[in-house]
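The chain below stands alone and is given as structure tokens, in the form predicted alone.
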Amino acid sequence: MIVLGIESSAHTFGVGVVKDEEPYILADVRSVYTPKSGGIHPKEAVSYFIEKAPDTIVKALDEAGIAIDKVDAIAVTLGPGLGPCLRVGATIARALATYYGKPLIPVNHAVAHVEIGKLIFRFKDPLVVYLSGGNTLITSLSEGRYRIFGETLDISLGNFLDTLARELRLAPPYVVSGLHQIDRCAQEGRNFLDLPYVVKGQDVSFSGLLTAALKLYKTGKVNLPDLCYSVREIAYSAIVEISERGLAHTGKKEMLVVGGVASSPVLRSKLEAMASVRNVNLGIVPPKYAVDNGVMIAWTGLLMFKHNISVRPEEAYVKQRWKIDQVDILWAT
């Protein structure tokens, strides 16, 4: 069985091709939109996707060494994400499925991040720490769905780091050579500053930390590396704390960390230390598959297709706020 997956929820138009036997991944091609300033501009991203989509799909099929008529199904991200961006991928997937007579598989972007991680590490039932630009949550499978045991009360860790870097005039680009600008700035920090640390049960909050950090910066009396160092230590430590509380609550012996923010070497070292103390098998998805990609959509689509999950093209609606705990995980029950 071969599935082609299309991802377009934010800044990446990705196309992946997978099959249900090793080697699972046949193709992985991505076209990444990078804004000239600020965050993602949906209108610009849409124009970029429309321009790059045809070549990206053709390159993926060439890389897989197959023609599209050999594909058994088309999988596509329908949410969560930025509406205009999602609609590009959905429109293309609907057109391909209709024209070539292929089943269309509706994939939840968050579930896909988890499933590609489970494939990479061969995990069966992990506690999942999801850290991306738009999501910060602790989840695990229970009674056929990923249940949320902790999450951000306001902004995600990725959004927090990007916003802070932008306001401190360190970005864009937000990541250079695999290292976020806040991490890079923090390398020269030596003095720990008094800033808010907010953990409430298994939830975390970053808006107060962001406000306090920017207020301190605007006084002009603080060393920038010290500020970045302090912010980084507080934010990452809060993530480690709610992760450990999630492990204590669920009793899981596997912990899977997904999402692009987990590529920080400092955060990884903190999570590794905690997992070692708790004797937990830790898997941190490597950067290549931690960020948005079409492979994770194709793989999740394959799992769904094997359980007869598909949707009529005319009913493949984009759902910007499609939460991970709203999806029935039939293939894991």
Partner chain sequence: MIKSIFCGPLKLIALGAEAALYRTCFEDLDALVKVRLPKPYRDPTLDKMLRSRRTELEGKILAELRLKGLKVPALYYVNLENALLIMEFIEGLTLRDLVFMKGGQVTKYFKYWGVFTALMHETGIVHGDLTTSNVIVKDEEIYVVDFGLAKYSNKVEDRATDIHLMIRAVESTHYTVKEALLKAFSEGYKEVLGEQTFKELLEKVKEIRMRGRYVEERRMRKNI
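Since this is a predicted model, take the numbers as computed values, not measurements. Rigid core here is just the name for the largest C-alpha set that superposes within 1.5 Å across the two forms. Numbering follows the first chain given and starts at 1.
The next section is about a form of this same protein that is not shown, the form predicted together with the partner chain.
Among the candidate stretches 98 to 106, 257 to 265, 148 to 156, 208 to 216, which one is within 4.5 Å of the partner chain in the model of the complex when only heavy atoms are counted?
Among the listed stretches, the partner-contacting one is 148 to 156.
Quick one: in the model of the complex, does every one of 11, 58 and 130 get a heavy atom within 4.5 Å of the partner chain?
Heavy-atom distance to the partner chain in the model of the complex: none of the three under 4.5 Å.
So the partner chain isn't shown here. In the model of the complex, which residue out of 115, 183, 244, 162 has a non-hydrogen atom within 4.5 Å of it?
Looking at the other structure, the residue within range turns out to be 244.
Which one, 170, 240, 222, 179, lies within 4.5 Å of the partner chain in the model of the complex by heavy atoms?
Filtering the options by heavy-atom distance leaves 240.
Counting only non-hydrogen atoms and a 4.5 angstroms cut-off, does residue 174 reach the partner chain in the model of the complex?
Contact with the partner chain, no.
Given that the partner is absent here, does residue 274 sit within 4.5 Å of the partner chain in the model of the complex, heavy atoms only?
Flag for residue 274 set to yes.
In the model of the complex, does residue 143 have a heavy atom within 4.5 Å of the partner chain?
Yes.
Is residue 197 close enough to touch the partner chain in the model of the complex, meaning at least one heavy atom pair within 4.5 Å?
Yes, residue 197 is a contact residue.
Does anything in 1 to 32 come within 4.5 Å of the partner chain in the model of the complex by heavy atoms, and if so which residues, in order?
The stretch does not touch the partner at all.
Quick one: core overlaid, is residue 99 moving 2 Å or more at the Cα between this form and the one not shown?
Comparing the forms between this form and the one not shown, which are aligned on their rigid core, residue 99 does not shift its C-alpha by 2 Å or more.
Any chance the CA of residue 189 moves 2 angstroms or more between this form and the one not shown, core superposed?
Indeed, residue 189 is displaced by 2 Å or more.
Verify the C-alpha shift of residue 148 between this form and the one not shown: is it 2 Å or more after superposing the core?
Shift at residue 148: below 2 Å after core fit.
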